[in-house]
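Let's start with one chain on its own, the form predicted on its own, as structure tokens.
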């Protein structure tokens, strides 16, 4: 499908220039990877009068670990995450998430920040960020601000981003205790497909868990009831069964072209049990390698 909508294009040399242009434009769009934006323009869902390409801003392309916090810049792609030594050493579950995103071609362009700015329910980055209590960092002409990832998502395709702002990156604090994780994603087939259900579980050495769902809720959510049930307890088959029953209270799946509501609920329970087992095993040093599919 060709692009029939006319717009101006600018590739600023600095973040300051980008913010100035945004403030002056009535309807500008930010381009980083462009994997969502280009399709939206082709389909006339988005009709910007200006596209601001921030891909060339080196300060936004960083992946760094400082003061026990991981920073992923707005320009960092999923392929960058897969190749990052920092990610593999400190946050291997991010590597696991990134490996399941679409195809190699898409991963070479798509960014975590673009993913959360599109804010579609089946996004991969949302459950990851809220499980890590991440912060979304923004810049505007009025200054910088930070928003907890749990407050970033307002509704499907709607975020807390304000006009004239740019998301510069996301920050993920490193847990204060040893931890391990597992990402479980269900699609209709292996390859470039959107999630029917996705789930991220972190198991921490202090006996607590962080559990987040995506694709079966309008916006990604932490499964607080399940976390409360599991925290500090010995994980037994009977406790897992109780947790699985709570899943129906934590998620709100729909029936669409990719799956029925009933199938999503059933698979969420299967995925939860497998993911929990894998996260605990990894924490104990005898789990499967990150990147191993649990489906």
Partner chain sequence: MEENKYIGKSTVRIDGKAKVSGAAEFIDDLDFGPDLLYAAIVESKFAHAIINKIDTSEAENIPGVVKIVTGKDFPFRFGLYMHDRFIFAQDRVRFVGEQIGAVIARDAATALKAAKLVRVDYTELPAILNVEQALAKDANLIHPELRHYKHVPWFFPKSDTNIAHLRKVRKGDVEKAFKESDFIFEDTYTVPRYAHCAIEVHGAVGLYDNSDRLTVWTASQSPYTQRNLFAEALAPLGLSHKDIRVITPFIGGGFGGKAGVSMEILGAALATAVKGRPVKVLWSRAQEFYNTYQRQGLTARIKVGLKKDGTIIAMDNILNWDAGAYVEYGANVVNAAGLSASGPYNIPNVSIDSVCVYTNLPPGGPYRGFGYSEFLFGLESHLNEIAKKMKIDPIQLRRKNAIREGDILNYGGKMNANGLIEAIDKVEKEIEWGKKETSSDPNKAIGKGIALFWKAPAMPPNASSSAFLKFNEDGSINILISGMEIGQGLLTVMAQIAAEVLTVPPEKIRVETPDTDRNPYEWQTVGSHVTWGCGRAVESAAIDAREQIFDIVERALGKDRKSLYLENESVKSKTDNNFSLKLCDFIIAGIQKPDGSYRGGPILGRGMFMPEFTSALSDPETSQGGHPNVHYTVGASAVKIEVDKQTGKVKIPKVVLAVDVGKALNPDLINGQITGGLLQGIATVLYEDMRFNNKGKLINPNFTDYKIPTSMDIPDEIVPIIIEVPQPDGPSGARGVGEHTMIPCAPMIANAVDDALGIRIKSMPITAEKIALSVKHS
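Positions refer to the first chain, counted from 1. All figures in this text were calculated on a predicted structure; none of them were measured in a lab.
Same protein, other form: the form predicted in complex with its partner chain, not shown, and the subject of what follows.
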note = Given 129 to 137, 185 to 193, 212 to 220, 154 to 162, the stretch touching its partner chain in the predicted complex at heavy atoms within 4.5 Å is 185 to 193
ask   = Thinking of 61, 285 and 289 as the candidate spot, does its partner chain come within 4.5 Å of a heavy atom on all of them in the predicted complex?
value = no
One residue of 260, 69, 245, 231 in contact with its partner chain, assessed in the predicted complex (non-hydrogen atom, 4.5 angstroms) = 260
task = Check whether residue 267 has any heavy atom within 4.5 Å of a heavy atom of its partner chain in the predicted complex, and answer yes or no.
result = yes
query = Does residue 281 make contact with its partner chain in the predicted complex, using a 4.5 Å heavy atom cut-off?
reply = no
